[in-house]
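Okay, so here's just one chain, in C-alpha cells, the form predicted on its own.
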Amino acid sequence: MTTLTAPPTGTLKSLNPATGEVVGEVPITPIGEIPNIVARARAAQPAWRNLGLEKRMQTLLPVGTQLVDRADHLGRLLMREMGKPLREAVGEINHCGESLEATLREIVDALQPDVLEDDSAKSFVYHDPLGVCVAITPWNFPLSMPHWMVIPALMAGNTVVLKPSEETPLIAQAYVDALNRALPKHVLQIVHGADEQGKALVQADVDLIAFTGSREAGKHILAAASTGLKRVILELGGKDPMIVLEDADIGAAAEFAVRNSFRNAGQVCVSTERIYVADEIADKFQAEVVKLTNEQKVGPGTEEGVTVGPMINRRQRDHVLAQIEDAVKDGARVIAGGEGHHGGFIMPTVLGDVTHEMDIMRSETFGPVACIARFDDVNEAVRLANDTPFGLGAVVFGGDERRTADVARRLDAGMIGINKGCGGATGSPWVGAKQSGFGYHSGKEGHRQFTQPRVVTVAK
C-alpha cells in the first residue's frame, strides 16, 4: 500500500501505512509560489537576526512546553502517519520538547565569539547568520529531524523554509504551527510537495541547504547548489557494520544487534545492517539473535507490545523484500523470519551465509533485516566492514578494552560505538564519513555550520 497520493497540484493525502486509511491532507505548495516564500523569508531575516541570541532563545523556549503538553496527541498523529509504535512516537515528541532548553543553551554557548590574540593584533571570530536556510527532511523521524535542523538554523539568526517529506506532511505542519505560535511572521515557513518542490527550493535565492535523506538525492542537491556556491549540510545514508569479537558479551551484543536492526522497522540511518562475528562464538551469538528476533511483535503501532511497525510505503517494502529474495537466490540462508510478510509489514529477518558479492551487503536496505557473516581474522572483518561507500555509524563489541578500541579506530565511519550504539555524549557531533555526510550536525562545530564565521581584528 502506498502512503501518499501526490498530484502536481491540489493536496497531499497522507495515508496510514499500517491500514491504508487517509490520515489527512495538506495543500501542495505551487512551484510558482516558492520565490515569494523565499523573498518573505529574506525580508524577515534582518529583524530576526537583530534580536540577538539570548532573545531568540527566549522566543523559542515556550515551544518545548507546548510539545510536552501535546505529546500524546502529536505522538498519535505521528504513529498514524508514519507507522512507528505509539510508545516510540510519543517518545520522539517528548524528547524534542524536554531537551529543547538544553539544546538552546548549548547553541548559545557554541555561537559565542572566539577571541584570538598575538603580539600585534586581537581578533574576534563571530558566528553570524547566513540568511535564508532551506531544511529538507525525511519521514523516518518526522518531528525530530525537522527539529534537528530548524532549531540550530533559527538560533543562528537565519530564517527557515522547511520542506518535510511528502510522506509525513501532517506532523511537520503541526510542528511548524507550534513554533509559529512563538515566532515572528515569516521567520519559519513550510513548503509541501515532493521532488519538484525540493528542487525549486534548492534553486531558489537561498543561502544554506540542510538535507537528510538518500545518498542519491544528496548528490543531486550538491550538484545543483554548486552553481551558486550555496552552503550545504548533507546527512545521507548508511550501511552500518557491527563487529563482534570473540571475547564479547554475547548476550549484550545480540540484544543490541536485534534492537538496532529492527528499531523503527529498520528505517533508521544508523540501523545495524551488517554483522561480522568471530567464528568461535558465532553459533552462540546467532542462536541468541534468532531467539530475540522471534520475540519481536509486528503490527500496527496501536497494538500493545508492538516493537516493529509497517514499512513507510510499498516501494520501500518491495525494495527490502527484493534484496532478501536476491540474497537467498545467491546463497544466503534465512535463519529467522523470512516469511509471513503481509500488507505493509515485513517480518524481522536474519540472514546467514552472506557474502559481499550480494547487493544486500553493499546497498542500503532500510528495513528489518540483519545479515550475519563470520570471520576468523579480525583484519578481514575490518576490511569487510569498510568495504562500502557509506561511513555513517559502526559498532564494535569486545571484552578487551584496548583491543576493542583499536578495532573501532580502524573503521571508516564518522561515529563508532564500543559496546553501545554509535551516538556520542552530549555535545558530540552527528557526523558521517565517506559518502554518508557532507558537513554535520550537533555539538559546537555542528551548530556553527549554520553560520558564517566573520573575523574582526584590531591592532594592539
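Keep in mind it's a predicted model, so treat the numbers as computed, not measured. Residue numbers run from 1 along the displayed sequence.
One more form of this protein exists, namely the form predicted together with a small molecule; it is left out here, but the text below deals with it.
- Message: Checking a candidate spot here: are Ala253, Ala257 and Gly398 all in contact with the small molecule in the predicted complex (at least one heavy atom each within 4.5 Å)?
- Response: Not a single listed residue reaches the small molecule in the predicted complex, so no.
- Task: Look up in the predicted complex whether Ala413 has a non-hydrogen atom within 4.5 angstroms of the small molecule, and give yes or no.
- Result: Ala413: no contact with the small molecule in the predicted complex.
- Item | Contact label in the predicted complex: Glu364 to the small molecule, heavy atom within 4.5 Å | Glu364: yes, in contact with the small molecule in the predicted complex.
- Message: Residue-level question: is Met311 within 4.5 Å of the small molecule in the predicted complex, judged on heavy atoms?
- Response: No - in the predicted complex, heavy atoms of Met311 and the small molecule never come within 4.5 Å of each other.
- Does any heavy atom of Glu288 come within 4.5 Å of a heavy atom of the small molecule in the predicted complex? Flag for Glu288 set to no.
- Item | Residue among Leu236, Leu208, Met79, Val150 with a heavy atom within 4.5 Å of the small molecule in the predicted complex | None of the others qualify; the residue that does is Leu236.
- So which of Ala278, Leu100, Ala217, Val232 reaches within 4.5 angstroms of the small molecule in the predicted complex, heavy atom to heavy atom? Flagged contact: Ala217.
- Can you check 300 to 308, 219 to 227, 336 to 344, 355 to 363 and let me know which stretch has heavy atoms within 4.5 Å of the small molecule in the predicted complex? So the stretch in question is 219 to 227.
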